[in-house]
Every structure is written in C-alpha cells, then in structure tokens.
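Alright, two takes on the same chain below, each alone as structure tokens: structure 1 and structure 2.
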Structure 1
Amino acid sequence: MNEDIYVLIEHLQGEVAEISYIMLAAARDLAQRTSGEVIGVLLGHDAQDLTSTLAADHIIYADHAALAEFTADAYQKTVASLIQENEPSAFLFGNTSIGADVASVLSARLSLPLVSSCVQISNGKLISQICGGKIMAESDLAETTTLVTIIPGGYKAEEGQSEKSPEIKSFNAPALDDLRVTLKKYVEPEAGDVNISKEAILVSIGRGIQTEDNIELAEELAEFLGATVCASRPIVDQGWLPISRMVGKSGQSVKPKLYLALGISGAPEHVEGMAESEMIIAVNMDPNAPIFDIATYGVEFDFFDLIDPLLEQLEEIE
C-alpha cells in the first residue's frame, strides 16, 4: 500500500460537481497525515478539460466511451482495477448518487473497509456524521486501502480549487463489456412556478408541520414576509409540495437573506442545501435538533403554539 489519497472526481453533463472540490480539500488533510499525494481520478470521455481547476498533485485519467457519463458497472470496474494496481492509502468518494453506488459495491468486491458519511478529517481520523446529524463517529484509516464517502459541511469547495492545472497521467480502463447498467437518457427537472434558489426570503417547512392542511399556516406567514414556501424532502415525498420547492442534497441549493426553518430537524442532506443562507431562524421543539447548530436564531418551541400569536401580531402592525 502507498501513502497517496485518491479522490473520485464526480462530473455530470460536462460539469465538475462541487463535492469533488470538497473531497480534494479533505484529501489534502489526510495526505498530510500519510505524507502522500492527493490524486484526482477522472473517468470520462474527451473530458480532460474538466481537470483544470482541481487542486490535486496529479490526475489519473481513464478515457473510454463507456465512461462518458456515470453508470455504476463501468465505474466500479475501472475504479476496482485502479485500486488493485495502485493500492492507495484511502480512496474518497462523494456520498452521492455517483460515489455511493461505487464505494459500497467495491467494499464488498475487494473486501476493503468502508467508512461512510465522513464530514471532516481531524488529526488523521475520519469523523462521520450519522443519525441525521445527531451522532458523530470517529474511525481510523485501516491497514488496507480505506474507502471513504464524504458529505459536505467540513470543507469549502474553494479549498479544493486551484488556478494551476494539474498534470494528467492516463490510465487504461479495463475491458468494459457485458455492462449490466446503461444510461438511456437524462430527464431535466420540470421548471416550477418559482425558482427558490433566487428568492430572498424563504419559509421552509419540515415534517414538524404534520399535515398537508397546516401548510396554509406557513403560507400565511410567508405572505406577510413577502416570502416563498419551500420544504424538506419528506414534505415533497408526501406529495404536499412540488419537487421544485425541495431544499437540499437532492433538491435546490438556496442562499436567501432569511431562511425560516419550521419543524425541520437539520439532517445533513437538508443542511447541505441551505447552510449558506445569510440568516437562519429555526423553530423546533427538540433542543437537540441539529438545525440549532447552524441557525443564527433558535426558538425551542411548538410551532403550533407560536404561529397564531405570530400571525396576529403581524396582522396588527400591518
């Protein structure tokens, strides 16, 4: 095994995903510990140009028509052959639609340990965030290549960006035939009535709102504030609001002047999409809700006890 830290560079439809830069920053922290290099691994087809902003010591690039867009089988085979050949100290993947499908399968295929949901490297230790952000778990690198999936929160994308293009070394992808998974097409999201990523004030509701009818209360409040109503994933999965209103990892990233989080616990997947808001006010009955760790102002209170007095006072001052 060598000391280097490898990072699977994620890209989608010709753009490097932000998690790639975050991983490069995390990899730098780890590499300082192992005294190794940070090596970006790019799988693609005619994709060299994607490397120009990556803060890596060098890039290993596998070019193959079957790697043009992500599919699980082709990525797994290529990364497996690279790990077997080079045996890095650790291989970082995004805990994402791309990285998670590769890392776990390879943990089983190559019998390598996997640490998931790592948010920060601290003194060479991998710090993971589990249980919706309510528990931290600390793990060590193993004696063999450790596979790690990374979630945002611990590093800024800028820390993994560089002005200077890294050197590219090419790697021959293994035979990529008999693939069991193929991409048919991308389906673009339907545009919603509003683009929440452009709104200055957002009233965001979570499972704490309890029923579809109660959304009206959030809408009344939003009207006073000139705000738009958005939501966490469970509200959208219930069919109560359209997907265009979803904030977070699988929804939109928002950065409003004011983000009012009502009955939202602050799971990492939600926080990922709203942590950069200028001001966050969180209303939640649970004093341990992780949302209070990132909010500017917190209200530990039952939303349903607070909403009527709040609406009444707003009515009065109007």
Structure 2
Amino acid sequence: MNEDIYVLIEHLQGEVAEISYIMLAAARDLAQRTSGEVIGVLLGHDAQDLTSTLAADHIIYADHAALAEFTADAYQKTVASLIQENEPSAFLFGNTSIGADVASVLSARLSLPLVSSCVQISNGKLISQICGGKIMAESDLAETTTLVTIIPGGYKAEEGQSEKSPEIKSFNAPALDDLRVTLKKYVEPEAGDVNISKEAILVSIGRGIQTEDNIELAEELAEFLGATVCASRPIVDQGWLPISRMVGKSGQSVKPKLYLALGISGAPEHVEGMAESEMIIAVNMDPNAPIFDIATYGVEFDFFDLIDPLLEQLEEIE
C-alpha cells in the first residue's frame, strides 16, 4: 500500500462539481499525515480540460466513451481496478449520489473499510458527523485502503483550487462493454421558476415552519429583504414548494451572500447544498441543532415569536 490520497473528481455536463474541490482540500490535510501525495482521479471522455483548476499533485485520467457521463457500473469497475493496482492509503468520494453509489459498492466488493460523512481531517483523524451532526466520531485510516465520503462544511472550495494545471497520467480503464446501466439523456427541470443558485439572498424554511399556510410569513419576510424563498427537502416532499426551490444533496447548491435558515436542523444532506454561503443566520429552537455549527450567527428562538417583531422593524426601516 502506498501513502497517497486519491480523490474521485465529480463532474457533470462539462463542469467540475464543487464537492471535488472540497475533497482536494481535505485530501491535502490527510496527505500531510501520511507523507503521500494528493492524486485526483478523473474519469471521462475528452475531459482533460477539467483538470486545469484542480489542486492535486497530479491527475490519473481514464478516458473511455463509457465514462463520458456517470454511470454506477462504469465508475465502480474503473475505480476498483485502480484501487487494486495502486492500493492508495485512502480514496475520497463525495457524500453525494455519485460518491455513495461508488464507495458503498466497492466497500462490499473489495472488503474495504468505509468512513462516511467525514467533514474534516484533524491531526490525521477523520472527523465524521452522526445523527445529523449531533454526534461527532473520530476514525483512523486502516492498514488497507480506506474509503471515505466527504461532506461540505469543513473546507472551502477555494482551498482545493489551483491556477496551475497538474500533471496528467493516463490510466487504462478495464473492459466496459457489458454495463447494465447506460445514460440515455438528461431530463432538465421545467423553465419558468426562479434559479435559486443565482440569488444573492435566500430565506430558507424547514420543518419548523409547521404548516403550508405559514410559508406566507417567510414570503413576506423575503419580500422585505429582496430575497427568494427556498427550502429543505421535507418542505418539498410535502408538495408545499416545487423541487426547483430545494437546497441540498438532492436539490440545488447555493452560495448567496445571505442565507437565512428558519426552522432548519442542518442535516448533512442540506448543509451540502448551502455551506458555502457567505453569511448564514440560523433560527432554531433546538440549541443542539447542527445548523448552529456552521452558522455565522445563530438565534435560539421560536420562529413564530420572532417573525412579527422582525417584520414590524423592517416596515419601520422601509
């Protein structure tokens, strides 16, 4: 086994996913402990240009038509071949639909340890969130290749970016002719609704809003602030807001100047989509809510006790 830290670079329709840069920053911390290098792993087809901003010591690039877009079969076979051939100290994946598809299956097939929901590396320890961040667990790298899924919150994407293109080394993908699943096309969301990923101010609502009727309060607050209302998954699952307004792992990634989180606990799946906001203000009755761990400012308060005096003050300012 070598001492290097491998990172699976996620990309979609010609763009590197932000989680890839976050993983590269985490890998740098881990590599300092192992005295190895940070190796980005890029799977794609005619995708060499995606490497130009990656802060890696070098890139292992597997070029194959079957890797042009993500499919679980093709990625699992290619990454498995790479691990078996090189035996890195650790292999980092995003705690995303892509990363989960690959890391979980490889852990079972190759009998490798898997550490999930890692948010930070501290003194060589893998720090993971459990129960939505209410419990933090420390893990060490195993004596064999350790698979790790990374969640946002501990590093900024800029820390994993570089203006210098890393060296690219080719890797021959294994036979990918008998794949069970292939990508036919992307189904784009219907146009017409606001693009929350472009908004400067967001008022985000979670379970604490209690009923659909109370969304009007959030919309009134958003109107005063020149903001847009978005939500965590439970609100969208109830059908109270369209999926285009959902922030998180299954929804949109946003980076507004102000993110006002109302009644949102801060589960990793939600944090993944908003951790890079410039300022996060959280309002929650639970003092142990994990949203407070990443908030710039936090208010331990019932939203319904806060909203009326807040709207009155905004009216006076206006």
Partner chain sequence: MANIVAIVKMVPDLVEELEINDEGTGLDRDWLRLIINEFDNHAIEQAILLKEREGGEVTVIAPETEGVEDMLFTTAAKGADRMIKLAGDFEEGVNNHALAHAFAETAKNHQPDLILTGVQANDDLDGPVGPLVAEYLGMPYIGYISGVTLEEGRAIVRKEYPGGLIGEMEVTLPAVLGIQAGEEPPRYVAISKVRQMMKTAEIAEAEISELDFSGGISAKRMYLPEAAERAEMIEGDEEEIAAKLISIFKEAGAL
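Here the structure is a predicted model, which means the values were calculated and not measured. All residue numbers here refer to structure 1's sequence, counted from 1. The term rigid core refers to the maximal set of C-alpha atoms that superpose within 1.5 Å between the two forms.
Here the form predicted alone appears as structure 2, and structure 1 shows the other form of the same chain. Relative to the superposed core, Glu167 shifts its CA atom by less than 2 Å between structures 1 and 2. Taking 2 Å as the criterion, Glu143 does not count as shifted between structures 1 and 2: its C-alpha moves by less than this amount when the rigid core is aligned. If you fit the rigid core between structures 1 and 2, you'll see the Cα of Met274 move by 2 angstroms or more.
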